[in-house]
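Okay, here we've got a single chain as structure tokens, the form predicted alone, with questions on binding and movement later.
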Amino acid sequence: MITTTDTPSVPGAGAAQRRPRPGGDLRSVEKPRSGARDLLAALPWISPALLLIVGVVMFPAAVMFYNSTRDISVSGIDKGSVGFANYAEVFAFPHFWPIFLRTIVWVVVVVVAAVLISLALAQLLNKAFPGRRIVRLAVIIPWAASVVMTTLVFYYGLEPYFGIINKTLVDIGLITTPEGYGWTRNPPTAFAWSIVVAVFVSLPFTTYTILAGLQMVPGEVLEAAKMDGAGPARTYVSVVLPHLRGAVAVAVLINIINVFNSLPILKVMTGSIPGYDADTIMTMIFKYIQVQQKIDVASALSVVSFLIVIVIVAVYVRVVKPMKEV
């Protein structure tokens, strides 16, 4: 009769038994490559992108910050350092805070309106109907066309005497006489129409981003919601919108950056209006450069604008977490 006894476990015995035999596959025992070695191996591939970031983003930003601390004459001569005097001049400017608040209104209204309209438009374009491909291509036109060209179409369409938009408003009875409405000559109306143009220009990118998100909604989830008795509205709110979280978050983030830094629309629509009642931070920077020829103060305001965008984006990413899975 053979009796068996338990063999005491020896530390490392299992590892020794799992060692590959001579001539066997050694990949299982390869040591992981160090992070520095991986970085050196990837450097030839990422160096063009790094050079682009340094040359297009970091170097201009450094020059901008440097100029914001200098006293630069009208002719461009650097007269020496002035510390933070240019920043003090920016914040002491009496129209700065109204301009800052107008910039916030400009960004919030344009982004919210563009996203809400794009949600409905993307839902429509996601349906099957005759001519859907043509409609989808038509939506791209404001995106493909130049922003200045699109804005000029609106600008001349709002002219009191020969503008087609103004004449249409008269024909449908929204206004009485075209001569009495100089939309682009009055700060409030010019700023309001600038918002309309900005929303119109922002629709293609936002719509296609949300449309791409709609394509990722699983069909079986929609079928399950229908079988559970959920109506179209309940299905959209409870099923579709959660799956669109990532697409909407990215669209909002990109629109915030683009709209905040937008200059052509406001420059065309409000550029002929004297004073600062229709300005945002971007148009104020332009006026510092073109009208007052203060490169140093314009650089200080640009740094302030850059920091505002960074703070907004950081807070947005922190709160919304756009890359978080559903």
Partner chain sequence: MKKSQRFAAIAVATTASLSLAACGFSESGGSGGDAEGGSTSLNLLVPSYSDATQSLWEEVIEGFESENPDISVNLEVQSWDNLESVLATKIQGGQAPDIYNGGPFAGFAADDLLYPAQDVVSPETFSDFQESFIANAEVDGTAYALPLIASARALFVNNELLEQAGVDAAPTTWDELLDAATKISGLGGGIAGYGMPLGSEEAQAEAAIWLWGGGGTFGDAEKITVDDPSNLPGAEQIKKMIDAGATQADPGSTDRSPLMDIFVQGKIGMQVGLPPTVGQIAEGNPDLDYSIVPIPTRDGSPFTLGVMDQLMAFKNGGDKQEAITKFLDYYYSADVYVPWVQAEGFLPTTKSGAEQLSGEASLKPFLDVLPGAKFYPSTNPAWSATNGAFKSLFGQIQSKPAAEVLAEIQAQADAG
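Residue numbers count along the first chain shown, from 1. This is a predicted model, so every value here is computed, not measured. Rigid core (definition): largest C-alpha set, two forms, superposition within 1.5 Å.
Absent from the display: the form predicted together with the partner chain. The rest refers to it.
- Interface residue remark: Gln123 is not counted as part of the site for the partner chain in the predicted bound form, having no heavy atom within 4.5 Å.
- Within this chain, Gly76 lines the site of the partner chain in the predicted bound form, having a heavy atom no more than 4.5 Å away.
- Heavy atoms of Pro48 reach within 4.5 Å of the partner chain in the predicted bound form, making it an interface residue.
- Contact annotation for Gly182: at least one heavy atom lies within 4.5 Å of the partner chain in the predicted bound form.
- Figure note: of the listed segments 225 to 233, 134 to 142, 153 to 161, 103 to 111, the one touching the partner chain in the predicted bound form, with heavy atoms no more than 4.5 Å away, is 153 to 161.
- Proximity to the partner chain in the predicted bound form, defined as a heavy atom within 4.5 Å, singles out one entry of Met64, Ile285, Ile273, Leu263, which is Ile273.
- Think of it this way: in the predicted bound form, the partner chain has a heavy atom of just one of Leu244, Val199, Val90, Ile72 within 4.5 Å, and the residue is Ile72.
- Comparing the forms between the shown form and the other one on their rigid core, the Cα displacement of Ala61 stays under 2 Å.
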